[in-house]
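Okay, here we've got a single chain as structure tokens, the form predicted on its own, with questions on binding and movement later.
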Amino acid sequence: MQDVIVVGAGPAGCAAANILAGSGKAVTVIERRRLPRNKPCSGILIGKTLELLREHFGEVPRAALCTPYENRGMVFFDDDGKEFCFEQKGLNVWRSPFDFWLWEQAATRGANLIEGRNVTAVTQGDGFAEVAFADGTKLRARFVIDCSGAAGGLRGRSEGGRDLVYTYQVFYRGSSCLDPHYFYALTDPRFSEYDAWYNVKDGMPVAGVAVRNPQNAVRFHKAFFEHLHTEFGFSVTRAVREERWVMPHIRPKCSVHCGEGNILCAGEAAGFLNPMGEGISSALASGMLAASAVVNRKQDALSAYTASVRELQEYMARQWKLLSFLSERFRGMRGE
């Protein structure tokens, strides 16, 4: 019987493990891949993320950064192509070394790791929670914190299926007239079923699209590529690699699933995600809050966690509401 099992070694899981191990809890993190593992992502750390990292992990190491190191904010193009610039200092990172650095900090505090094992089920017991693996073996803990991402977690099962957004991005050798210090997002329905984006990592332009139907990804990406070429001088010599991943589809009111019984959910497994796929800040914050609820529980840990994430949920709702005034596609997020 462990004190806590954390499922997933991403930002939410590492943040939870870091708090738990630092508080003297016996915590084991279970990661289905071997670390460091490739993690497709836009890899932009916003100001809110950097504040949490400095307080709980320290300064992001140079090894996790990619050029240009400094991200200066987001340039947003609405449905009609009108431009809005949101200035904010941030960092540009590769997720694989960044996530591994987070894990190393948790390990330094005493967190344990089981890697290369896929959790197939998380169930509630009588005063404990249990995780099951594909080979039939099981582990028990007083609490389980589920940080298994959008494609896993209790949230999808409790709602009768996972409501997902599918993403597809391509790295190129090439250039454009766009400033590489900014992350560009477009909601024009010609280029995606959700949003499209452009940024630069280590000199490689990256163009991506998000869709509800994964079969439409390549078609939308081709249209977006042509738009970048025509409007912003996007010129490439070759494609370097493709990446695909999933995100939770955020619904009006931005409901989240905090868990059940002795099982707490954090990050995208709970449904936390800010607009344009920015999930790292809410993953870190929710992972920390879940761990703190377990450490400091003077009442039921799930109730304490649910209350503590209310502010985080309200922040997420405000961000989506702002987006709703810039794109008709997200009008439902206004809560009218």
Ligand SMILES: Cc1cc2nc3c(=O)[nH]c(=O)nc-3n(C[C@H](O)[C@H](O)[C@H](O)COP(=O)(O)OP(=O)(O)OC[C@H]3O[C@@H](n4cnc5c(N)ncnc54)[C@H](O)[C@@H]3O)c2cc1C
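We number the residues from 1 along the sequence you see. Computed from a prediction, not measured in an experiment: that's the story for all the values here.
There is another form of the same protein, the form predicted together with the named molecule; it is not shown, and what comes next is about it.
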Review point. Taking 190, 326 and 331 as the candidate spot, are all three within 4.5 angstroms of the named molecule in the model of the complex by heavy atoms?
Key: no
Practice item. Report the residue, out of 234, 184, 220, 245, that has at least one non-hydrogen atom within 4.5 angstroms of the named molecule in the model of the complex. Key: 245
**Study point:** Listed residue (262, 105, 167, 176) with a non-hydrogen atom within 4.5 angstroms of the named molecule in the model of the complex
**Key:** 167
Review point. Which of these stretches, 303-311, 57-65, 32-40, 288-296, has heavy atoms within 4.5 Å of the named molecule in the model of the complex?
Key: 32-40
Exercise for review: Consider residue 21 of the chain shown here, and say whether it contacts the named molecule in the model of the complex, taking contact as heavy atoms within 4.5 Å.
Suggested key: no
Check your understanding: Are any of the heavy atoms in residue 197 no more than 4.5 Å from a heavy atom of the named molecule in the model of the complex?
Key -> yes
Practice item. Please check if residue 205 has a heavy atom lying within 4.5 Å of any heavy atom of the named molecule in the model of the complex. Key: no
Exercise for review: Although the named molecule is absent from this view, report whether residue 280 comes within 4.5 Å of it in the model of the complex, heavy atoms only.
Suggested key: yes
**Study point:** Partner contacts in the model of the complex for 1-19 (non-hydrogen atom within 4.5 angstroms of the named molecule)
**Key:** 7, 8, 9, 10, 11, 12, 13
